[in-house]
Ligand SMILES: Cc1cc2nc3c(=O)[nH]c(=O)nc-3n(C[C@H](O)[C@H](O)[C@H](O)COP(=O)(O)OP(=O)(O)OC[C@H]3O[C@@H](n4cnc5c(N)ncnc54)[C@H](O)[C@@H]3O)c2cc1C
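In structure tokens, the next block holds one chain alone, the form predicted alone.
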Amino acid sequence: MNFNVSPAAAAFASTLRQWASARPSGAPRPSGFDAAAWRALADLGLLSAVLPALAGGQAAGAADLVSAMEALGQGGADRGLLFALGAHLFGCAVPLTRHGRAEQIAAWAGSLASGAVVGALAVTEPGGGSSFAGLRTTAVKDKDGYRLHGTKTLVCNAPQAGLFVILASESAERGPFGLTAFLVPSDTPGLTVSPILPTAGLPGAPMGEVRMDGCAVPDSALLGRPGSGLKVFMTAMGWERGCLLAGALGAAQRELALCATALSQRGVAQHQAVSHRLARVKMRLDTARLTLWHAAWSLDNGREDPSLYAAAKISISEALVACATDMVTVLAGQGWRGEPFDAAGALADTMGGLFASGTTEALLDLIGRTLQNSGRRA
């Protein structure tokens, strides 16, 4: 495996790191969507990176995007902003580029790249989370297209989104194979978005509910073919589970350096209990980074292995929470006051990674089923 990125991708990551580092330090954490940062990153080319060259993009692969997102985190970008960017890129732009028709990509590429339209993936539902067994949103065919009925919740970017990728059941008796994906603009009649849902962490990644009450969409809104929603969903999940936490990992690397410096200045870093805890943080982050880049390499090499991306997401998310816990612990009162960084806020933010793009328990079930199926085939 070769985890190197191209010189152009490395230079782009350096530009993003410098941009994030140049932003004011010590300011309060963003609460809500950071429109100014979104526009700036669009101008730098991040939002167009994943789009195909014919649509004005760079056709960047997973490794290029992981490099870019990690660099933003290393530069100090807010985790909420990074999470919102990931939802836009991996939950909307990637499925569009992988499953959209040429006319769909042409219609949306410019506005997604410029930041004029924010993308969102709407799958989770109030009663059943992301479980297909609990999915109640339906797509009813009529002569003019489809009518969508149902509610999606915890949709990242929902309050600002101009385009939703929505998963609905067209044939309940077919289970996951009866799902269909749709590209639905936010101004579609019958679609309403709730105000921001309060969350314990990631205040810079606004969440919302999306309700569809007979929301009428034409046949041209189909993303992929009727009944291919599972394939669209797995594309989004592969990229989200494999790449979404790259920015948070970069942020943790930066915070470890800040933590070590602060403890050295206080004269406590030489104590074995403290130094060993910091050493374990570094080991976890190094291992998580290898896992992250392995997942990116696998995506770029066309590996369709949902269990691999599930395992990567579990490993990285749990490592980030453990590292944030250790850092807030060793910083003690200094960290509780938000010095040299908001350690308590970092812990709250990383907790969100445990269930984003699937809870740990659901992903362990997926991995377990994969093992059982491979055992039957052996």
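Numbers follow the displayed sequence, beginning with 1. If you're wondering where the values come from, they're calculated on a predicted model, not measured in any experiment.
The same protein has a further form, the form predicted together with the ligand, not shown here; the description that follows concerns it.
Which of 67 to 75, 199 to 207, 99 to 107, 300 to 308 has heavy atoms within 4.5 Å of the ligand in the predicted bound form?
-> Among the listed stretches, the partner-contacting one is 199 to 207.
Go through Thr15, Thr359, Ser21, Thr370 and name the one with a heavy atom inside 4.5 Å of the ligand in the predicted bound form.
-> Of Thr15, Thr359, Ser21, Thr370, the residue with a heavy atom within 4.5 Å of the ligand in the predicted bound form is Thr359.
Contact residue in the predicted bound form, from Ala168, Leu89, Cys156, Val118 (heavy atom within 4.5 Å of the ligand) | None of the others qualify; the residue that does is Cys156.
Hey, in the predicted bound form, does Leu249 get a heavy atom within 4.5 angstroms of the ligand?
-> Outside the cut-off, so no.
Going by a heavy atom distance of 4.5 Å, is Thr180 a contact of the ligand in the predicted bound form?
-> Contact check for Thr180: no, nothing within 4.5 Å of the ligand in the predicted bound form.
Non-hydrogen atom contact Gly352 with the ligand in the predicted bound form at 4.5 angstroms = Gly352: contacts the ligand in the predicted bound form.
Counting only non-hydrogen atoms and a 4.5 angstroms cut-off, does Val123 reach the ligand in the predicted bound form?
-> So Val123 counts as contacting the ligand.
Quick one: name the residues from 80 to 106 with any non-hydrogen atom within 4.5 angstroms of the ligand in the predicted bound form.
-> The stretch touches the partner through Phe83 alone.
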